[in-house]
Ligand SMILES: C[S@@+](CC[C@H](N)C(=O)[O-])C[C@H]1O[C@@H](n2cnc3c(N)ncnc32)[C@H](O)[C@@H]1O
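Taking the form predicted on its own, here's one chain by itself in C-alpha cells.
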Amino acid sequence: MSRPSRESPTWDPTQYLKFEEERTLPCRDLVARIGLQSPASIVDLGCGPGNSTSVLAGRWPTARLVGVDNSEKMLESARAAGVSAEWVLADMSEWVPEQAFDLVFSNAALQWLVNQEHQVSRLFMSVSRNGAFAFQIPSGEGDWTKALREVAESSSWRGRFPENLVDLRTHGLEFYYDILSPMSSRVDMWETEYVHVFPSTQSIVEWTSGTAVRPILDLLPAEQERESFLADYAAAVGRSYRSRPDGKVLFPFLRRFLVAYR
C-alpha cells in the first residue's frame, strides 16, 4: 500500500473536535455575515464532522443542505450528529454539482486545494443567480508553523518530507479578490485574529495535530516515529510560546474571510 500523499491526509473526527468550540466560532462569524435571506439550497464543502453544517442549519433551517467531504470517518461523525443533510463522499477539488446552489460554503478547507486560482473560480460557477460563495481559511502564519518547519527541516527529520510540506496553500485576500471580483456583483472580505486561551503549549500541539500536522504524520509509517516527531514538535512549540502568570498560554490564530455575491 502506498503512503498517503499531502493531497489525501487521514482525518480523525475525535482529534478535530477536541477544540470544537474554537473551530466552530469562525464558522459562526462567517455565517452571520452572509447577506442572503433564505437560500433554498446550501452545500458545505469540506464539511468534516458536520459542525459547520449544523451552524448553517441553525440559520437557515428550511434550506436543503448538502455536506461534502473526502473522509468517510468525518462523514460518519457528521451523520451521527443528527443534522438533517445529504452527506456526499467526494473530493471537493473534483466535485461537480448536478445543479447550482444558492450558497456554496466552505469553512477552513480550501487551503488544501492545489491550483486555487482555477478551483476558486470553478467553485464560484456552482453559485446560482443572486447567490453567494462564502469561505474562511486559516492564514497559515504564526509561531507554530515556524516551530513545525524547524522540526521538519532539522537534522533528525531532514529529507523525510516533500519540500514545502509545512506550508499551507493560503494566500492574501487580494489573491481571492482578483479571482472573484470580475465574476461577482460584490465581494466582502475581512480578517480576524482569534486569541485562544489554552491550559498549556501541549494544547497547541493537539490543535494542530487535528489539521495541519496530519499530512506529516501520514508520511511516518511507524507509531514510534510519529510519537518521536510530535515530541520534537512539542519541544519546539514550548520554546515558541510563553506561559502567562496564571500558567495559561495565549494562541493567536489569524483567519481570512470572503463572501462573493453573484
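These numbers come from a predicted model, not from an experiment. The numbering used is simple: start at 1 and walk along the sequence shown.
Just so you know, the form predicted in complex with the ligand exists too; it's not on screen, but the next bit is about it.
**Student:** Considering the ligand in the predicted bound form, which of 123, 85, 152, 108 comes within 4.5 Å of it through any heavy atom?
**Tutor:** So the residue touching the ligand in the predicted bound form, by this definition, is 108.
**Student:** Ok, 112, 135, 101, 144: which has a heavy atom sitting within 4.5 Å of the ligand in the predicted bound form?
**Tutor:** It is 112 that has a heavy atom within 4.5 Å of the partner.
**Student:** Mark residue 70 yes when one of its heavy atoms lies within 4.5 Å of a heavy atom of the ligand in the predicted bound form, and no otherwise.
**Tutor:** Flag for residue 70 set to yes.
**Student:** With a 4.5 Å heavy atom cut-off, would you call residue 46 a contact of the ligand in the predicted bound form?
**Tutor:** Looking in the predicted bound form, residue contacts with the ligand include residue 46, since a heavy atom lies within 4.5 Å.
**Student:** With the partner left out here, check for me: in the predicted bound form, does some heavy atom of residue 117 sit within 4.5 Å of the ligand?
**Tutor:** Residue 117: no contact with the ligand in the predicted bound form.
**Student:** Look up in the predicted bound form whether residue 91 has a non-hydrogen atom within 4.5 angstroms of the ligand, and give yes or no.
**Tutor:** Contact check for residue 91: yes, within 4.5 Å of the ligand in the predicted bound form.
**Student:** Is the ligand in the predicted bound form close enough to 52, 74 and 211 that every residue in that trio has a heavy atom within 4.5 angstroms of it?
**Tutor:** All of them do, each having a heavy atom within 4.5 Å of the partner.
**Student:** Quick one: which of 175-183, 91-99, 126-134, 144-152 gets within 4.5 Å of the ligand in the predicted bound form, going by heavy atoms?
**Tutor:** Comparing against the ligand in the predicted bound form, the contact stretch is 91-99.
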